[in-house]
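Form predicted alone, single chain, as C-alpha cells, below.
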Amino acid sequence: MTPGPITALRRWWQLRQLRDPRWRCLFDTPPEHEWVALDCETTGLDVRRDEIISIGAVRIRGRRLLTSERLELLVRPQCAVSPGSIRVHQLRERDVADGLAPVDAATRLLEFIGPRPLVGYYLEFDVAMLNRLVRPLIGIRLPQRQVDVSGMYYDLKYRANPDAWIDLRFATLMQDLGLPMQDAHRAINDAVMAGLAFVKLRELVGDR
C-alpha cells in the first residue's frame, strides 16, 4: 500500500522535526504531473544492516520519461560488499570505493527529487534503505507521496480477473505491458524501467 497525501497534522509534525529549514522545499506543491522514478542497489536485503551502493533516479513529466533529467550516484558503503550481492549488481568494493559519502548522496538525491512523488517497483524496500541516509540528514523520513508500480499492476490484473493468480515479477510485468527490458539490477536501468511501467499503467488504470 502506498502512503496517501500528507495530512495537515502530519505535515505540521514533520516540519517541526526538520533539522535545516532549507529542506522545507520538500513540502512544496510538486510540479504538476511530475514524478521521480528511482531504484537503489545495496550490499544485501537487510534494511537494518545492509547499505546502499548505487542510486538511480529519473524524472517523469506527464507521459514522458525525461532521460536527460536523471541522477546516477555511486555510494561508498561502510560494510563489505558480499559476493552474493556482487553477482546481482556487478558492483565490487573497488567500484564504489570512490563513491559519494552517504550524507552527500542523500543531499544530491533530495535536491533532485524536491517535492515530487516517488515511483518504483517494490518501492517500500528502496525507501526504507534511503530513509537510513535521509533521516540523519534532515531529521525525518522521505515525506513525498509514493507510488508502487507492482501495486498498480496488481490492481489492473485483479480488475480483469479477481480469481486469477497474479505474477508480479518485474520481467513478467514488463513483458505483459509490452515494454522493453534493459539490463536489470543497475539502479538507473531499473529506475527507467519502473518509470516506463508507471507511464503505461497510468494510461491503463488512470491517474495516481
Partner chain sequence: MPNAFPFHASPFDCLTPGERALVRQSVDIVYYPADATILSVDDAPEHLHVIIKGVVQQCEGDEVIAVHGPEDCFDARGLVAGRVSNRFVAAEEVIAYLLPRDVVGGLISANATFGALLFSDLSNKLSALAQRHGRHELYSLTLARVDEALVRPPHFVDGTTDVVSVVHDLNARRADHVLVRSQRDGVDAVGMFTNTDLQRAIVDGRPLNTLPVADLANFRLVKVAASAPLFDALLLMVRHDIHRLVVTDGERIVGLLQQLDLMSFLSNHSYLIMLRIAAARTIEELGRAARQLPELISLLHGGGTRVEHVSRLVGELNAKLFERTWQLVASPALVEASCLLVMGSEGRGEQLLRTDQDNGLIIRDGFGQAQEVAEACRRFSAALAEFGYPECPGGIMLSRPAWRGELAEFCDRVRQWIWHPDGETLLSLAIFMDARAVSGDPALLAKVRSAVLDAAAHDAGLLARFAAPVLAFGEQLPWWSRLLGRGNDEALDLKKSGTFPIVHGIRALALEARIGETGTQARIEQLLARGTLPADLGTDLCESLHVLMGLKLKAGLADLDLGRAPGNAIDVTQLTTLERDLLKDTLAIVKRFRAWLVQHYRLDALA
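Positions refer to the first chain, counted from 1. Here the structure is a predicted model, which means the values were calculated and not measured.
Another form exists, predicted in complex with its partner chain; not displayed. Remarks below refer to it.
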Select, from the options 64-72, 150-158, 22-30, 36-44, the stretch whose residues sit within 4.5 angstroms of its partner chain in the model of the complex by heavy atom distance. 64-72
Any chance residue 185 has a heavy atom within 4.5 Å of its partner chain in the model of the complex? no
Would residue 196 show up as a contact with its partner chain in the model of the complex if we use heavy atoms at 4.5 Å? yes
Can residue 180 be called a contact residue for its partner chain in the model of the complex at 4.5 Å between heavy atoms? yes
Residue 189 within 4.5 Å of its partner chain in the model of the complex, heavy atoms: yes
